[in-house]
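This document opens with one chain alone, in structure tokens, the form predicted alone.
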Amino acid sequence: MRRKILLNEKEIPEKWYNIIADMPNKPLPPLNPETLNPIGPESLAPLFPMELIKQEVTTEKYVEIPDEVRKIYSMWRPTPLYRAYNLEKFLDTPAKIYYKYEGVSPTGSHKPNTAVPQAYYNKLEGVKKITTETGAGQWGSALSFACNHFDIDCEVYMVKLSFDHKPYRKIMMNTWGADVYASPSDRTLVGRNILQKDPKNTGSLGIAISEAIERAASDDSTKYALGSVLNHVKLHQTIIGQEAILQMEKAGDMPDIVIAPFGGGSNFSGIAFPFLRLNFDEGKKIRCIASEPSSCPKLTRGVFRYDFGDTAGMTPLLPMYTLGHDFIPAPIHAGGLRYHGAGVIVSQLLKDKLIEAKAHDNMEVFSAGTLFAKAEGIIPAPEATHGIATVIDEAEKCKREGVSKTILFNLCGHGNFDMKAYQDYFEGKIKKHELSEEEIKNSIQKLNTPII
């Protein structure tokens, strides 16, 4: 049994929440990699429409959601929140477990929450084509869906590992009219250089970002869109947590702990930031935990310093927790979490100890994902299983300590197009993987970017 807590269409939030307005220490500015001076909004103009640039740098607490965006949101929003009674029973825990389910969107994940407004603002500026990267395919499919709605061409560079393992994600993008290429590709100088050095390179989000940026920078009618990391992306995703607060109030409850998977930060930020607002504004003490793979542990084992957001060094320098922009993560199935760095806002919050982070190995997360599927009936995306692993840890801790806490997590998407990952798990092809200290040290030592 699971209890569904719903909102009506009129309760879709009218504004996005900007956590920067409430942060005690504001994020450090991005830097020009040549001069090491802070960059201004004009530096971003070749890649992004001006309205998104304004959102990237705004310090206003709330940003109005355009009516046309809210109308498209209403195709799937508000998304349901469930009380996971069966999971609680499976775990024999006194904890109360809730999850916000973003898998009901047209593309099956939380990513359209930012893809739609990004496409909308590009359309207003007359953009003809948008390029982007995608790891596991959720972001690429979301942007393809949004671009189709606004009649914008879409060109997607998909990490080769996922391109090969997840053909149906590619077909989803093609169905909505996008062109999809395995990254590294021979379509860009960045891709050709990497393939020349390593023809069997399985790709990374950093490489795919470099390719998409190179393509956008070469055409005045083309812009670039990013599915995570940047401030405006996190801003758009806060619609998740704002809805969740209303739903928790309807349930007569409020979480003690909020959990979400972490790649670049959009998923975690979307649900956690509005609850952190309650900490800032109302003095609540809600713990917010970001859950990442131990194969790519930038929050738990990385360093806080300036680094590039992409492999080729085409972005500004960003103050982030990072493993180094040259880092190539192991070919794990949770492709959306295989990113070398963490978003600027999340990095500052972690540095200030306002949030927590935890890492799980790939065997642990698939075990958690299959347990959840048996209990709740929904097969989670491989990325989402990381959050579930942290939920199980916290629920078992409640059992050991004999205390009842309320846990809320973001089930960011379903795994219906990710069955190859589950097949490999059941066939014993997935092996436990964790980075050694030497591997992390070697990667970080390559950095020649400013130390904070």
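Not measured: the values here are computed from a predicted model. Heads up: residue numbers just count along the shown sequence, starting at 1.
Missing here is the form predicted in complex with a further copy of the same chain; even so, the following discussion is about that form.
- Remark: of stretches 166 to 174, 268 to 276, 321 to 329, 286 to 294, the one touching a further copy of the same chain in the model of the complex is 166 to 174 (heavy atom within 4.5 Å).
- Residues 145, 374 and 416 are all found to lie within 4.5 Å of a further copy of the same chain in the model of the complex, as judged by heavy atom distances.
- Residue 82 is the only one of 181, 308, 82, 120 with a heavy atom lying within 4.5 Å of a further copy of the same chain in the model of the complex.
- Taking a 4.5 Å heavy atom cutoff to a further copy of the same chain in the model of the complex, the contact residue among 191, 302, 255, 78 is 78.
- Taking non-hydrogen atoms only, residue 201 never approaches a further copy of the same chain to within 4.5 angstroms in the model of the complex.
- When a further copy of the same chain is considered in the model of the complex, residue 447 lies well away from it, no heavy atom lying within 4.5 Å.
- The closest non-hydrogen atom of residue 149 lies within 4.5 Å of a further copy of the same chain in the model of the complex.
- a further copy of the same chain in the model of the complex comes within 4.5 Å of a heavy atom belonging to residue 74.
- Contacts between stretch 4 to 22 and a further copy of the same chain, counted in the model of the complex as any heavy atom lying within 4.5 Å, involve 4, 6, 7, 9, listed in sequence order.
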